[in-house]
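Below you will find one chain, with nothing else, as structure tokens; this is the form predicted on its own, and questions on how it binds or moves follow later.
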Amino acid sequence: MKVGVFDSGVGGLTVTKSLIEHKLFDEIVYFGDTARVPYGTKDSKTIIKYSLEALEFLKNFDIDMLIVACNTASAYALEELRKNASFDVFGVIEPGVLATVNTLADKNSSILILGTKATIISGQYQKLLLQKGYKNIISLAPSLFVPIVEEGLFEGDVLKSAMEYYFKDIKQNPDAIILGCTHFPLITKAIKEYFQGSVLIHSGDAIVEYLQTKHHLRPKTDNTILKLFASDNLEGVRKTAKTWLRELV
């Protein structure tokens, strides 16, 4: 089975890593819209337009399904993508909420959602969590985390200062933290150190759990083939993939 993975840039490689590790697909075709990243600062019409253009590109590879790794595109473009695709299209928000539900039995649990400005403004995570009965929800858009991660600063003083800036008003460690941007799993260690005892919900792991439970996908016996494409600076994407995915590429 061949799957397309679409992200606004390189962040979706964290989702790709989970897919490779669990060997759910024979082949992954990854497309990062690096010429127009980030989506998180753009309006909804632009996000939908760019996402549909990415879909048209991926249709050339005869994929069996599409995973929209970008949380922002999942929040705004999923419905239009499904209308224009002849195969299944999955976002990462619903799987993230499902993973949260499976993690937190107590509906009074505190949940912190971290995402881009556009993802947070969309209210998609908040709405779905409220529908599931959770009410103790905080949402934040720590925008500086994305360029910090892309600089390869997964720990250290710069990241620590940014976390202190964004998290200073959170007085009690949340029970769970949803990493609602695909860049954020790369700073999992630092976030865990800041919020000791909090459970982190990772989009990549969540989509794997979702595909396994809802669509009964099982591991393949052979290693997954990964093909990388980008709208700009493909060599940069390949370099990032080698760093982020390491021996899995």
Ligand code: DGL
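Residue numbers run from 1 along the displayed sequence. Computed from a predicted structure; not experimentally measured.
A second form of this protein, the form predicted in complex with this ligand, is not displayed here; the remarks below concern that form.
Participant: With a cut-off of 4.5 Å between heavy atoms, is Ala206 one of the residues that contacts this ligand in the model of the complex?
Facilitator: Taking the distances in the model of the complex, the answer for Ala206 is no, it never comes within 4.5 Å of this ligand.
Participant: Can you tell me whether Gly40 touches this ligand? I mean in the model of the complex, with a 4.5 angstroms heavy atom cut-off.
Facilitator: Output for Gly40 is yes: heavy atoms within 4.5 Å of this ligand.
Participant: Spell out, yes or no, whether the shortest heavy atom distance between Thr182 and this ligand in the model of the complex is within 4.5 Å.
Facilitator: Judged by the heavy-atom cut-off of 4.5 Å, Thr182 is in contact with this ligand in the model of the complex.
Participant: Name the stretch: of 127 to 135, 159 to 167, 174 to 182, 77 to 85, exactly one has residues whose heavy atoms fall within 4.5 Å of this ligand in the model of the complex.
Facilitator: Checking each option against the 4.5 Å cut-off leaves 174 to 182.
Participant: May I ask you to list the residues of 82 to 119 that have any heavy atom within 4.5 angstroms of this ligand in the model of the complex, in sequence order?
Facilitator: Thr116, Thr119 sit within 4.5 Å of the partner.
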